[in-house]
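For reference, the chain that follows is the form predicted alone, supplied as structure tokens.
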Amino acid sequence: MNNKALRQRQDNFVRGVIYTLGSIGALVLATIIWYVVSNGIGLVSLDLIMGDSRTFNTDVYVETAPGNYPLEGYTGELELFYSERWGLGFVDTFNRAGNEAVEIGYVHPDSPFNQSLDKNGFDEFGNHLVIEVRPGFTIEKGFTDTAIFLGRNGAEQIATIVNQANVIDEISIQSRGDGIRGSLITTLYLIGMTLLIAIPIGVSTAIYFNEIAKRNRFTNTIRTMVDLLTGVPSIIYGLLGAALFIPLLNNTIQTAGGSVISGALTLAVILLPTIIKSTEEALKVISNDLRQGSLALGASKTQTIFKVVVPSAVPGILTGVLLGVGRIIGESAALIYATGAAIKDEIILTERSTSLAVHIWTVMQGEKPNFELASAIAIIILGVVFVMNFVIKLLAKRLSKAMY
């Protein structure tokens, strides 16, 4: 066998290994995406994105007597057990944890439970708040003038008990929110605040290293430390946030424990090495001819840096920012310590909250993790990353055209 044939066989072998390994990587990635999409796409909706996460519990009752409310217009898929005397229908279902539960499946338009009274809520005049009982509310327990029932009794038995009652003393209802609006807003706050802190510091540091500082033992040591920080596990940064930023903010702006601000400061520290390295690499790519030409035309070194070099490196800097955004959105371990895992609908920067990634961690806790909701949130995260990638790449492309 001649050398040419041997080289050809070697090339074919190497090419085959590369194709095989590349195909395995693509298959693994496709499998992950398929799993996430197939499990979560059914939950992705505007209600999920904009809905409350808060679980609502209360006890309701009515003061009116029973009437006659024939069933009309029910189109649900689940078998309905209906009380004509009170206009309430019940269905057997499963809660988010996978346990058997009973829900309100239908409420007659004229049912007194459209104007039920909240035993636990009062208005400014001391009157009970009016609660509209709606389909989807879970039944916890109830008290009538003839019997007591629990949610685990099943829809048929509850409907029978309710239908025999002349007085409804109390029904405990629960509306569990599965929305992620608060987590989404927290994530956007974290992205904005982190970039606002990390970009000026990171870009300035990179400019100093590449354009101003001399090569010596001190700067080489700093560069080595920056490289090391890139590989530090994020949970270590979370400990930094809990030990440094939280006490600092507690003593200065009177926060109470973790907060969105402490989370943003922690993420900024995580992001700094990435922005420094990517900006420095972007600056190194700029030809020295541009620097020399600017200086030859009489510009100072500062003018050359900020009017010639940095503008030319902006597309590369934005690429580093893009990588940073992905890191921010996907971070969870550090934020558990620095921001907390409190799923909230009202976001206050000085209080605990949760990001989308931490929200996934929260719903996956316990003996029966919620894979469907976690997958739906993952799809939202991928959507946010895609939109931000598109915007940043479009901005970088336009800046490149403007420069050249």
Partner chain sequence: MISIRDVVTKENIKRKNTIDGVTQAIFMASAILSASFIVLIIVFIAFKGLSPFLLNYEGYNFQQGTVDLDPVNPISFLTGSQWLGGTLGLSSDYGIGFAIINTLIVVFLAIMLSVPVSVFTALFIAKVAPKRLANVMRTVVELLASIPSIIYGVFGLGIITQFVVFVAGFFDYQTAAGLSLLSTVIVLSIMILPTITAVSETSIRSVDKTIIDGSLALGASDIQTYMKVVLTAAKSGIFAGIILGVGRALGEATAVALVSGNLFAGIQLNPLGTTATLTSRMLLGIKDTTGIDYDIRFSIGLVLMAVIVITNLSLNFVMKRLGGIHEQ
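Please read these numbers as outputs of a predicted model, since none were measured by experiment. Residue numbers count along the first chain shown, from 1. C-alpha atoms forming the largest set that superposes within 1.5 Å between two forms make up the rigid core.
There is another form of the same protein, the form predicted in complex with its partner chain; it is not shown, and what comes next is about it.
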Flag this candidate site as yes only if Ile18, Ile236 and Ala242 all have a heavy atom within 4.5 Å of its partner chain in the predicted complex; otherwise mark no.
yes
Can you check whether Ser278 is within 4.5 Å of its partner chain in the predicted complex, heavy atom basis?
no
Does its partner chain come within 4.5 Å of any heavy atom of Leu46 in the predicted complex?
no
Would Arg398 sit within 4.5 Å of its partner chain in the predicted complex, counting heavy atoms only?
no
Report whether the minimum heavy atom distance between Val226 and its partner chain in the predicted complex is within 4.5 Å.
yes
Exactly one of Ser287, Asn166, Thr252, Ser300 has a non-hydrogen atom within 4.5 Å of its partner chain in the predicted complex; which residue is it?
Ser300
Among the candidates Ala313, Leu272, Leu184, Val133, the residue which, in the predicted complex, approaches its partner chain to within 4.5 Å (heavy atoms)
Leu272
Tell me, please, which stretch of 324-332, 154-162, 101-109, 75-83 lies within 4.5 angstroms of its partner chain in the predicted complex when heavy atoms are compared?
324-332
Checked 377-393 against its partner chain in the predicted complex; residues with a heavy atom within 4.5 Å, sequence order, are Ala378, Ile381, Leu382, Val385, Phe386, Asn389, Lys393
Given a core-based superposition, decide whether the C-alpha of Leu27 shifts by 2 Å or more between the shown form and the other one.
yes
Closer or farther: how do the Cα atoms of Ser278 and Val391 compare in the predicted complex relative to this form, given a change of at least 3 Å?
closer
Residue pair Gly192, Ile392 - Cα distance in the predicted complex, closer or farther (3 Å or more):
farther
